[in-house]
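Only one chain is given next, in structure tokens, and it is the form predicted alone.
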Amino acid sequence: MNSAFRPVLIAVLALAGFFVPTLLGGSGAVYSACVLIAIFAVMSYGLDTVVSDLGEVSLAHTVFFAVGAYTTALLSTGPGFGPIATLLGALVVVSLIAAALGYITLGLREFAFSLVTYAVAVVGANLAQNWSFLGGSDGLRGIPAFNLSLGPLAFSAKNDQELWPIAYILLLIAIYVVYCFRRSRLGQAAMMSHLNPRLATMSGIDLQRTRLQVFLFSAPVTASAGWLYAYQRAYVSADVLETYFLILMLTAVVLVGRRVLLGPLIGVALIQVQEKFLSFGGYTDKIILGSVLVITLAFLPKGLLGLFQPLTGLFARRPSPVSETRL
């Protein structure tokens, strides 16, 4: 594709994506599903950079999602801060927690890393369930509607249809940030550390520093999803730390294929469409979600895109008889 037309095509597709809910009927259920798809996709993009680029499986990203939601609830219901202040607060708090967790896990890899991050998720769930400061089992309620005022401009979102523009913009920002990350020096260092640690060390890459930086990059992305989720639900409780969200993130990351820029978005969309419009009941849907993750990891290590890999050879350009003779 001509590089001059590529930005134009991307801009057109991004603009067209905004009107997807309208094209699907524009009902309240459609807007609700689209907002949740955007939020959960942003949540998954944070984990995607750790799993796909760093090669580690973090089971603590539900904590980052919860930190974003709880910080938003505390700042909006207490001091009465607006969305920008609550977002900044969520990013600061989650960065501090991610820095501490990243420092603890610097020397850990694979199984040990996953085990420690899972322990952090368990501790976080118990704190949210029993700590009165976080509302305990009742959670924190009374989060005001999303109301953004910038000088003479004011924007208020009291339902999912009105919240959709914010959710879509957040999604586009997350996709762009991950795209820039993978083209950056840090993203390349993360991939080299993942694929060939010895070569990375010989090239002057500090493996521990790279791991910490990727962790610090991923946590705010996931926390920003928790920030918007708090406004979308108008309350936050310990259920944001349920295993469901962890399985949802992991499935979204691996279902389509790792390091596919739109992979988490497509994965979340497939999951949410099934749960919202083809549901078999809450418990059955969770069983389906878990089964999809197991099947993908066991039989589709390259995701759904791996099914189409054999077809690429059919469309590969074959050398002409003249070139074969010359060779």
Partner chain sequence: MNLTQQLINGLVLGHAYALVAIGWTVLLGVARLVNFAHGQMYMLGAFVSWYTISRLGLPYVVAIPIAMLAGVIVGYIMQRVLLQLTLKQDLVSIMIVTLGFGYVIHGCAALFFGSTGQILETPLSLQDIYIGDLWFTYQDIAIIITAILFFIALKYVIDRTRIGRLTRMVAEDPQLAQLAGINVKRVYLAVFAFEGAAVALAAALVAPRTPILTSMGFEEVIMTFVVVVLGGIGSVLGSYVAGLALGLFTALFGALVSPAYTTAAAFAVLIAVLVLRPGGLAANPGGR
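Positions refer to the first chain, counted from 1. All values derive from a computational prediction rather than experimental measurement.
Form predicted together with the partner chain: not shown, discussed below.
The partner chain is not drawn, but in the predicted bound form it has a heavy atom within 4.5 Å of residue 244. Residue 277 falls outside the set of residues with a heavy atom inside 4.5 Å of the partner chain in the predicted bound form.
Interface residue remark: residue 287 is counted as part of the site for the partner chain in the predicted bound form, having a heavy atom within 4.5 Å. Not displayed here, the partner chain is kept clear of residue 155 by more than 4.5 Å at the level of heavy atoms in the predicted bound form. Checking 245-253, 142-150, 159-167, 178-186 against the partner chain in the predicted bound form, the stretch whose residues place heavy atoms within 4.5 Å of it is 245-253.
Among the residues 84, 173, 123, 195, the one placing a heavy atom within 4.5 Å of the partner chain in the predicted bound form is 123. Residue 127 is the only one of 127, 234, 88, 216 with a heavy atom lying within 4.5 Å of the partner chain in the predicted bound form. Against the partner chain in the predicted bound form, the set 32, 37 and 260 makes no contact: no member has a heavy atom within 4.5 Å. Residues are counted as partner-facing when one of their heavy atoms sits within 4.5 Å of the partner chain in the predicted bound form; in 288-302 these are 289, 290, 291, 293, 294, 297, 298, 299, in sequence order.
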